[in-house]
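Just one chain is shown here, as structure tokens, and it is the form predicted on its own.
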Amino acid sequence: MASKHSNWPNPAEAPALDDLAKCVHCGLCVNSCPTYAVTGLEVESPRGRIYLARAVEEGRIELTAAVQGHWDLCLQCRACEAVCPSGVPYGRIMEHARAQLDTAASTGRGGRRLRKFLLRRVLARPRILAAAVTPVRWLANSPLRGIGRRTRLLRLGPALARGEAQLPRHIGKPLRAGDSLPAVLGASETAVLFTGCVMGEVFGDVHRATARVLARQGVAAIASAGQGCCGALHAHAGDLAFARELARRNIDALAGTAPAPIVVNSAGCGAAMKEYGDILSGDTAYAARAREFAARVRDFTEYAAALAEQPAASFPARVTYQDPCHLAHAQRIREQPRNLLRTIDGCDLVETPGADLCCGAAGLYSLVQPAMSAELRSRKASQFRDAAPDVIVTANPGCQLQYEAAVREAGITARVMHIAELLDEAQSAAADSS
């Protein structure tokens, strides 16, 4: 239920009293929290942030810039939820807490407005996003990129240098909603491939690899027209009204594909879409439809691992898998990706310490909280340096970008791949050698 008090600037979107009351301040969440691990500060732990929200709710403290800063530093990785014995919905609490910040007096209001503009007017608009990504794709694929790095030209701007370091070594052709995918003769099942926003524009090759892997298992993937941004980043930023609007658009767009499963290869998107029933629970016109939609959503690894037979695959390399936060902690999917990798001949799966600790990407986090993001990335880089993998595998676009930078920081030559890309390459190699 919503707050009954008026101490929140935006009472209609206030954290629910029932949610806040679930936290018994046991502290089991503290050691799982990345920001607490770095700072050692109680206010930078889930327990501390909930305590602040409860204090604002009860009128014991004002919603000051300092309080807002503690909430903004949260990565919303939801590692705390996975270890909480009381079932505290911390991610939902933080989304509603951040929904207060546009209304509250804030020293960071200008930056918040810019973020909302980018999320609403760029990320959620396919044509504008495509135009924005075009020069990024050119830079990633251009030989001038290497020249700029060698001549230190990119160091003229710290933000430019950080962005370039995260770019994949090659950005392929986009794959967007409505694009055709290869037909599968004798397909036993049809699945909707969720194309999303950034995934479709920057990681079109991952979508195509996903479709090929599914095709080898008798599943025809379709990139249905009309679908778009899932709304995850909007919800995380507290823009819940727009996140609900995007959820409704996707529900409407994919209504005609029911009951086909909706396969998602971006962990953050999948987590958000599985929670459409929650975010639209107060919408009488969409609540039931949202629950039905969410029940159809499957992460790619969850779906592929459950199929009857895995194709032959060969990939002789030392591989480390890094859990995306919203796959391990929000969707609670940990073993399926690893089990898929274990089916590959020659794949030496190496575990690193803290494989499920947030890498610091977290959507736009690396842009708005560069210092904390860099600290978490450096910890990953150190682990990669020690493990010396040939390939670093994950299942989320933000993580892939962060690991590209971590590999460069570690000074190693490891490839960064989405698990769909590795499976596709391994299956193709086995087929070629048979």
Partner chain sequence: MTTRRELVGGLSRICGDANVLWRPEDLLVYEFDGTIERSAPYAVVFPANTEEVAEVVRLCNALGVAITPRGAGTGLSGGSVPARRGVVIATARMRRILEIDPANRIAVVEPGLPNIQLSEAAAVHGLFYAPDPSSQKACTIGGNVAENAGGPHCLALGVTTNHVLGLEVVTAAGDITWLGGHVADTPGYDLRGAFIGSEGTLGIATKVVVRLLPLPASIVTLLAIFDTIEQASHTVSSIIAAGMIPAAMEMMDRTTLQAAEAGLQCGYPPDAGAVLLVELDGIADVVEPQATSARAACMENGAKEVRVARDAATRELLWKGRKGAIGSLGRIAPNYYILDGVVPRSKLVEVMARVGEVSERYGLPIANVFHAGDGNLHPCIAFDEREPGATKRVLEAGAEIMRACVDAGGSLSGEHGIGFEKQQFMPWLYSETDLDNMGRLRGVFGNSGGFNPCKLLPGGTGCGEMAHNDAAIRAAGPDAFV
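These numbers were taken from a predicted model, which means no experiment stands behind them. Numbering follows the first chain given and starts at 1.
Unshown form predicted together with its partner chain; subsequent notes refer to it.
Only one of the listed residues (Ser86, Thr134, Asn339, Ser142) places a non-hydrogen atom within 4.5 angstroms of its partner chain in the predicted bound form, and that residue is Ser86. The listed set Val368, Val30, Ala387, Ala374 contains one residue whose heavy atoms approach its partner chain in the predicted bound form to within 4.5 Å, identified as Val30. For the chain shown alone, Cys23 is a contact residue for its partner chain in the predicted bound form, at least one non-hydrogen atom being within 4.5 angstroms. In the predicted bound form, at least one heavy atom of Thr64 sits within 4.5 Å of a heavy atom of its partner chain. Not displayed here, its partner chain is approached by Leu52 to within 4.5 Å at the level of heavy atoms in the predicted bound form. Shown alone here, Glu409 lies farther than 4.5 Å from its partner chain in the predicted bound form, counting heavy atoms only. Heavy atoms closer than or equal to 4.5 Å to its partner chain in the predicted bound form belong, across 26-53, to the residues Cys26, Gly27, Leu28, Val30, Asn31, Tyr36, Ala37, Val38, Thr39, Gly40, Leu41, Glu42, Val43, Arg47, Gly48, Tyr51, Leu52, ordered by sequence position.
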